[in-house]
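First comes one chain, alone, set out as structure tokens in the form predicted alone.
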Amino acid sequence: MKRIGVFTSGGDAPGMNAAIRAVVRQAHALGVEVIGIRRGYAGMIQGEMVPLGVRDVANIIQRGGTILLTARSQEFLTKEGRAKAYAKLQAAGIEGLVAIGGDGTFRGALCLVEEHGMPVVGVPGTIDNDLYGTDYTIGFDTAVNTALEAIDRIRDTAASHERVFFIEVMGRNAGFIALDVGLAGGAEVIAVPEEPVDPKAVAEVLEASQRRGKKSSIVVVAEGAYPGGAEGLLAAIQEHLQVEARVTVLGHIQRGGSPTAKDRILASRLGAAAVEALVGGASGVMVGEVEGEVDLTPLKEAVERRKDINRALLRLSQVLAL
């Protein structure tokens, strides 16, 4: 294998640039050319490609976002669109791909493998941490720390005004961010999609806190934990609260910013491992880190198997909220 492509797709995640850097430099060390594909699958279809050398990826390890840009592509969802993308890859002499992204990115990559025989190795880059086959995904640690800093600031205001704050974090189908942020931030309640949320039970927890003398509380809500998110949950229990309550939606602030050391190291390790796997003949797999070791998981398994949330931590958060 003499020439490979690398691209980022779907939602951006802090650490994607560190992964791109690692791909380019590991490939250079192995004597393999790298072509950067801009704007994900949309750019692949349009042939938006640029050669990447070791100097092209200098001074990006600390940057959030992705220098290759990212986009959604409705056309790639069709067989005709994927055939166009494959034709562009062939024309550019690309013999294999490193796909950096999440669930949607890997589903698209799997189609290229199955329909056109294009070798692809995935690198898990998503703040949601919802991919099976890796303990952590690139961007998760940064997102947690970004959200935690915001919650620490909000807690100061909550205490000063004796209010309850319902804080919504990202996580439409997975509650990993909510769980880690809630536990680290001392939240009284953590609502995640993996567990049914009973508004009455949430109200009882907050009422019990008030009876114990607490004048302010934090409720962390993953966006997909309850219909309407944090706003919907507050509306469902508003009449039971004896103190003022406010909602803060952290939104896309969780995606941006310079990646933490942990994300930079994870991205560097997995980006390099992806190149080694691809050049070594692997395809249709995702590189991940499991118990400190690099592991390969079939892409199909990575996107179809559900990654379980740590329910022991969820129970611990309930104990520590007393």
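From 1 onward, residues are counted along the sequence shown. Model, not experiment: these values are computed from the prediction.
The protein also exists as the form predicted together with a further copy of the same chain; that form is not presented, and the subsequent description refers to it.
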| query | Would 73, 173 and 306 all count as contacting a further copy of the same chain in the predicted complex, using a 4.5 Å heavy atom cut-off? | reply | no
| query | in the predicted complex, which of the stretches 81-89, 199-207, 244-252, 107-115 has residues with heavy atoms within 4.5 Å of a further copy of the same chain? | reply | 244-252
| request: Using a 4.5 Å heavy atom cut-off, state whether residue 157 contacts a further copy of the same chain in the predicted complex. | output: yes
| message | Please determine whether residue 226 contacts a further copy of the same chain in the predicted complex, using a 4.5 Å cut-off between heavy atoms. | response | no
| request: Answer yes if any heavy atom of residue 195 is within 4.5 Å of a heavy atom of a further copy of the same chain in the predicted complex; otherwise answer no. | output: no
| field | Close approach of residue 144 to a further copy of the same chain in the predicted complex, 4.5 Å, heavy atom | value | yes
| task | Let me know the one among 49, 42, 69, 279 whose heavy atoms come within 4.5 Å of a further copy of the same chain in the predicted complex, would you? | result | 69
| task | Check each residue of 47-84 against a further copy of the same chain in the predicted complex and list those with a heavy atom within 4.5 Å, in sequence order. | result | 54, 55, 59, 61, 62, 63, 64, 65, 66, 69, 70, 72
